[in-house]
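Have a look below at one chain only, the form predicted on its own, in structure tokens format.
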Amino acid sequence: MIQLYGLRLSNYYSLTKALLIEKGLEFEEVKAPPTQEEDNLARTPMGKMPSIGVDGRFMSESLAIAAYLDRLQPEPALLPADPFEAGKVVELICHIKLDVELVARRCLPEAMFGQTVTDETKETTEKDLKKGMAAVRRIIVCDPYAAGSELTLADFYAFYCFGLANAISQKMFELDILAGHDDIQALMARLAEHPSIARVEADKAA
């Protein structure tokens, strides 16, 4: 059985949990905060969440875990069979993750944990968030799913990355990064009702 290490407050933990459910794989949740303790670093070299354990071996980074799960359990497929289209899904994931969610994370300490970030950080973050959303806008499809007609891995990243990024943006800048993107908002609402995601969100609320 797969062990899923981390905490439910992490969007990437929730994403990975949703993927495990989507694939119909058995797993157990193991509470493990992001620390620099050696036992945690043995599972995840930077001490981040989540990580998984499989027969005494460990893996970190959600995209690496997702690639492993897609090979471990090919159905339902979350990457297109066509190699180029599969690459386009990963491209979209990278822009959502790197140019939107990780940009917003610069202000996470102040937005969520009562710490303080510099005015310069706030200014560059707000500017770069708008730039990142413009980049995503150029390649996201939303017809009806993020990368086209079928549910893919990009949809899980869209739900969990846009969700956190928008929460931070609204708290810090009173800026709804999804405003004016009606198709992305409709996608988010559709994904909230998708069974694996809905189960994860219900577990978090319980």
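Not measured: the values here are computed from a predicted model. The numbering used is simple: start at 1 and walk along the sequence shown.
There is another form of the same protein, the form predicted in complex with a small molecule; it is not shown, and what comes next is about it.
The small molecule in the predicted bound form is not approached by Glu150, whose heavy atoms all lie more than 4.5 angstroms from it. Under a 4.5 angstroms non-hydrogen atom cutoff, the small molecule in the predicted bound form lacks His181 among its neighbouring residues. Within 4.5 Å of some heavy atom of the small molecule in the predicted bound form lies at least one heavy atom of Arg105. Not displayed here, the small molecule is approached by Met49 to within 4.5 Å at the level of heavy atoms in the predicted bound form. Shown alone, this chain has one stretch from 142 to 150, 49 to 57, 22 to 30, 170 to 178 that lies within 4.5 Å of the small molecule in the predicted bound form by heavy atoms: 49 to 57. Among the residues Lys122, Lys88, Lys97, Lys130, the one placing a heavy atom within 4.5 Å of the small molecule in the predicted bound form is Lys97.
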